[in-house]
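Just one chain is shown here, as structure tokens, and it is the form predicted alone.
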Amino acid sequence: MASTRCAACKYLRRRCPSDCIFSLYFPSNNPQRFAYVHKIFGASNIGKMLQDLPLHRRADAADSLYYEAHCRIKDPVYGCVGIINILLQEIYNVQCQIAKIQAEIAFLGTHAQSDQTQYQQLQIAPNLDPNFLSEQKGLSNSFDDSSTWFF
């Protein structure tokens, strides 16, 4: 009979009835789970909370109670709220990084468009007469003394 007791009944040093509300949610192979929850909430309060819930929600509630108790023991001042604040700060930092990267992408995108426009203009230029560009600059391919402006 001693090996079939749940962690709660072992911790409380009592006989585990067949309809024990703790047996499904605090198995004997994990006694620390009930110890944390009992230390923070108390066995009577845990029992009342579990009895007030429908059967399909009790497992989630027991998991939540354990998580809250575990966090409260690790951080007595903030508990779960401390973890939530840390996660919110991480979300904020990641959102700032995303905004920064999006701004860099937009900046590089505008420069890429101007570079692409210049590249397209260069692609059009080779189709022109080779003397066209030099004539536009005031230069000529033929060199004769009459066209020079300096002596």
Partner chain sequence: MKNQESRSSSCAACKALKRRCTPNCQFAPYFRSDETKKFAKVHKVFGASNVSKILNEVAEEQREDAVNSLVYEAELRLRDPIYGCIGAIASLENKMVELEHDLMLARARLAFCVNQPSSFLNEHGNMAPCVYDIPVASGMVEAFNQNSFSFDQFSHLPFI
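Small disclaimer: the values here were computed from a predicted structure and weren't measured. Residue numbers count along the first chain shown, from 1.
What comes next is about the form predicted in complex with the partner chain, which is not displayed.
Interface membership of G42, defined by any non-hydrogen atom within 4.5 Å of the partner chain in the predicted bound form, is confirmed.
Although the partner is absent from this view, R33 stays clear of the partner chain in the predicted bound form, with no non-hydrogen atom inside 4.5 angstroms. Interface membership of T110, defined by any non-hydrogen atom within 4.5 Å of the partner chain in the predicted bound form, is confirmed. Within 4.5 Å of any heavy atom of the partner chain in the predicted bound form lies no heavy atom of L55.
Taking the partner chain as positioned in the predicted bound form, the residues of 82 to 100 that bring a heavy atom within 4.5 Å of it are, in sequence order, I83, I84, N85, L87, L88, E90, I91, V94, Q95, Q97, I98, A99.
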